[in-house]
Structures are given as C-alpha cells and as structure tokens.
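Before any questions on how it binds or moves, here is one chain, the form predicted alone, in structure tokens.
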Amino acid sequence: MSDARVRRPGEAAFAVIITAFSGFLLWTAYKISGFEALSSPGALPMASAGTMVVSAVVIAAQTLRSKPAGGQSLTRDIAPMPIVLTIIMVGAYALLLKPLGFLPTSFLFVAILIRVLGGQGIAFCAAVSAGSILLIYLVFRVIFNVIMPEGIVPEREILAFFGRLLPAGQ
C-alpha cells in the first residue's frame, strides 16, 4: 500500500477500537477451552479471532502512519448528526423493545425520527407513526401471526375482544 494514503477523520480511532475488540474476541475464544488441541471446541474461534487481531494490528499501524486528510470533519463528512442519531435510536429501540413491547417502542422510534429528521409537526409525526405501525401490526401480527413483544400493551386481550365481536368466532 502506498504511503501517500490519507487518514480520514475518525479512522485512527476506529482502527484502534477494532483492534481492541478483536483482542477481546480472542480472549473470549481462548476461554472456551484454552489451547488444548487443534480439535478443541475453541480452536476455530481462536484461529478466526487471531486472524482478526493480526489484520486489525496491521490496519491500525498503517492507518496511524498515514497523514490526516485536511479539510474534512468527522461530524460533517463522516458521521453527520442524522446518522449518529439514527444509530442511537436503533440501539434504544433494541433495548426498549422487550420491556415496552412492539407497539409503543415502534411508535416512539418512528415518530421521533420523523420529527427530528423530517422537521414535521408533532401531530403529523404521531399520525404517520400510528398509521405505519398499525399497518405493520395488522400485516405481521394479524395476517401472518408473527408474535411480537407484547410489553405494556395488552395485545392478547385486545385481539380477543375484537375476536369475540366477529360472528365467525362463535
């Protein structure tokens, strides 16, 4: 690789983080069964993680030796705030899905992203979010019978109530 390569903002930190994460994976793979034999349960994970560590160290060394690119900003060119916010929201969605359930978590996720990224009014965001989530819920939960995390909304009782209203259920 040529030494004329430039380092973009955040690239050095990312390379170091990937190297540390690869080392953690190697340690975790070692804890499976140690280094007993080539046929031990941890041999393949250790070989994979070891390859990751070597690759990450080489990449990090090359990255740290390269010159920083001028005129670029991490928050403007590499990871603008809408991307960072979306990543944070996806993480929050994953953490809240089980305790709150599919309906409230998905409603909040869609409404907040429409509000922040689209700049729309609160009523518009709530209406679009509610309509979208209702459509998704009907298609996947009612038509395809996909079980979604219930959380704080008593979905089974609501579905049973509407089921009792239909004459086909009697």
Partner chain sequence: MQALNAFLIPILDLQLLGLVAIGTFAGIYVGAIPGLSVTMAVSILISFTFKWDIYPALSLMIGIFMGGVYGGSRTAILLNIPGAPAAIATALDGYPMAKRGEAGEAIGIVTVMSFFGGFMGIIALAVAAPLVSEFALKFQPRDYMLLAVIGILLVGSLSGDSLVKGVFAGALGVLIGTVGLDPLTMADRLTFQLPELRGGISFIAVMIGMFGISEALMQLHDVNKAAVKQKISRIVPSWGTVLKYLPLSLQSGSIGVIVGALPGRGGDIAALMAYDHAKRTTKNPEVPFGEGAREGLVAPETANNAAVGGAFIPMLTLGIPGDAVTAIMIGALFIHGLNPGPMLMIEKPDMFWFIVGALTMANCFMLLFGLTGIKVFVKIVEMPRSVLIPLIFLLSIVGAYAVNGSLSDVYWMLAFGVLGYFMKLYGYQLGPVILGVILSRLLDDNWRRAIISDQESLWLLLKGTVTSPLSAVLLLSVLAILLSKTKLWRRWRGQAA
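Residue numbers count along the first chain shown, from 1. As the structure is a prediction and not an experimental result, all values here were calculated from the model. Heads up, when I say rigid core I mean the largest set of C-alphas that superpose within 1.5 Å between the two forms.
Unshown form predicted together with its partner chain; subsequent notes refer to it.
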field: Partner proximity in the predicted complex: Phe35 to its partner chain, non-hydrogen atom cutoff 4.5 Å
entry: no
- request: Spell out, yes or no, whether the shortest heavy atom distance between Ile122 and its partner chain in the predicted complex is within 4.5 Å.
  value: no
- request: State yes or no: in the predicted complex, is some non-hydrogen atom of Leu100 no more than 4.5 angstroms from a non-hydrogen atom of its partner chain?
  value: no
task: Consider Ala69 of the chain shown here, and say whether it contacts its partner chain in the predicted complex, taking contact as heavy atoms within 4.5 Å.
output: no
- request: Would you give me the residues of 36-62 that have any heavy atom within 4.5 Å of its partner chain in the predicted complex, in order from first to last?
  value: Ala37, Leu38, Ser39, Ser40, Pro41, Ala43, Leu44, Pro45, Ser48, Ala49, Thr51, Met52, Ser55, Ala56, Val58, Ile59, Gln62
query: So, does Leu159 move by 2 Å or more at the CA between this form and the one not shown, with the core held fixed?
result: no
task: Return yes or no for Pro45: a CA shift of at least 2 Å between this form and the one not shown, with the rigid core superposed?
output: yes
